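Coming up is one lone chain in structure tokens, specifically the form predicted on its own.
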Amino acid sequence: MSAGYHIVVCGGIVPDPLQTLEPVKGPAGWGLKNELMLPAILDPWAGHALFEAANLAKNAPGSKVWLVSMGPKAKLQQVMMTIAQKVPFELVVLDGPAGGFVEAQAVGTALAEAIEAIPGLDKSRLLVFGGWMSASRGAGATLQIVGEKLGIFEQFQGVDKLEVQSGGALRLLERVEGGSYQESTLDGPPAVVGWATGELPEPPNNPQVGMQNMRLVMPALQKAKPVKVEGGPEYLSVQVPSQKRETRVVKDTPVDEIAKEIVDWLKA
């Protein structure tokens, strides 16, 4: 495509998974214990989508990448200090909840409205990227709802590879059972692409890209549109899985015997 793509990446923030995430019910509904104190990161699946979007835009002159994210402004600012150094993008912020205890329908509707309101967005060149799943609750439905609200019915989920072919057609590989892929060819945008892990590693920090992004990130945070998302799933009870560790220390065991024991354990 000679004019390039308009790529909108939908990416939320989630608590750092290395922390203990204990669900609790408060006056406003379900959430995480000490949620405001937990460090946040960009959802890993959304991160893959953002890196793939930046790579596609880099190789298609005239393209532009937006990152649309909903979450508390203070948390988003903290996360953007890191993400903004990775790849170029323009941030669109929705000031709302990010704990994964809200309905995908409400979040998808808010994200679609934010995308519709992006100035200069050309929907004929639009690719909506996002995570196939999420580290927050993993409903796997939000991106599909965003596409439906935008009137985009060409949707691909669990994508690991997207190639631009001669003539502008897009070749996509979606994960299916047994480590195999379903191959699809699309004439061109618009389309929704839910990424699995993709093929790209996390880009190294680039201070120049960070300075360029932060000039737009801070105004975007200040102009963040408040979003009130009501309702959500109800749980009768929740419990953090108990840690289970069975360690046996045996000295001077031959390597072959260790390997055999592991294989037997895997087959059991």
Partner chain sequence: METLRTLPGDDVRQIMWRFADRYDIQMTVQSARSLARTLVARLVAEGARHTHEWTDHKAQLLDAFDSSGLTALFMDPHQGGFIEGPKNLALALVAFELAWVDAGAATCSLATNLALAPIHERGTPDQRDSYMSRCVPPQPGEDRTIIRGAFALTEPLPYVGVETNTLVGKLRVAEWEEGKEPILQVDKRGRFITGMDFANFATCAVDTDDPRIKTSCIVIVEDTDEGLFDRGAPTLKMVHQLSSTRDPVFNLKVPASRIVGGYTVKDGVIVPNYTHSEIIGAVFHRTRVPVALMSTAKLLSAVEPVIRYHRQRFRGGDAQPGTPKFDLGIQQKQDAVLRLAEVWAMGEAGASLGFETARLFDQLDPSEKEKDRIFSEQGIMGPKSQLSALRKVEKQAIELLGLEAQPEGQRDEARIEALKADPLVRYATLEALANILCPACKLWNTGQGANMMREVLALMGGYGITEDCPGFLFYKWTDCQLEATYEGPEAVQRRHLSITMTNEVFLARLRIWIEEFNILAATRPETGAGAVAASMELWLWTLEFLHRAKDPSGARLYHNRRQNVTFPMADALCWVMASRAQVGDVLELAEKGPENPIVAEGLEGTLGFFADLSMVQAARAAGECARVCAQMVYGFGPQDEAELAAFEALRAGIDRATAGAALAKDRAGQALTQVMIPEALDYPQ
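Numbering follows the first chain given and starts at 1. These numbers come from a predicted model, not from an experiment.
One more form of this protein should be noted, the form predicted in complex with its partner chain, which is absent from this view; the next part is about it.
Undergrad: Between T197, Q78, Q144, Q105, only one gets a heavy atom within 4.5 angstroms of its partner chain in the predicted bound form; which residue is that?
TA: Comparing distances to its partner chain in the predicted bound form, the residue within 4.5 Å is Q78.
Undergrad: Is T109 a contact residue for its partner chain in the predicted bound form, using a 4.5 Å heavy atom cut-off?
TA: No, T109 is distant from the partner.
Undergrad: My question is simply whether S63 lines the interface with its partner chain in the predicted bound form - judged by any non-hydrogen atom within 4.5 Å.
TA: Contact check for S63: no, nothing within 4.5 Å of its partner chain in the predicted bound form.
Undergrad: Against its partner chain in the predicted bound form, would K33 count as a contact residue? Criterion: heavy atoms within 4.5 Å.
TA: The answer is yes: K33 has a heavy atom within 4.5 Å of its partner chain.
Undergrad: Can any non-hydrogen atom of N55 be found within 4.5 angstroms of its partner chain in the predicted bound form?
TA: Contact check for N55: no, nothing within 4.5 Å of its partner chain in the predicted bound form.
Undergrad: Counting only non-hydrogen atoms, choose the one of 43-51, 23-31, 63-71, 210-218 that falls within 4.5 Å of its partner chain in the predicted bound form.
TA: Heavy atoms within 4.5 Å of its partner chain in the predicted bound form occur in 210-218.
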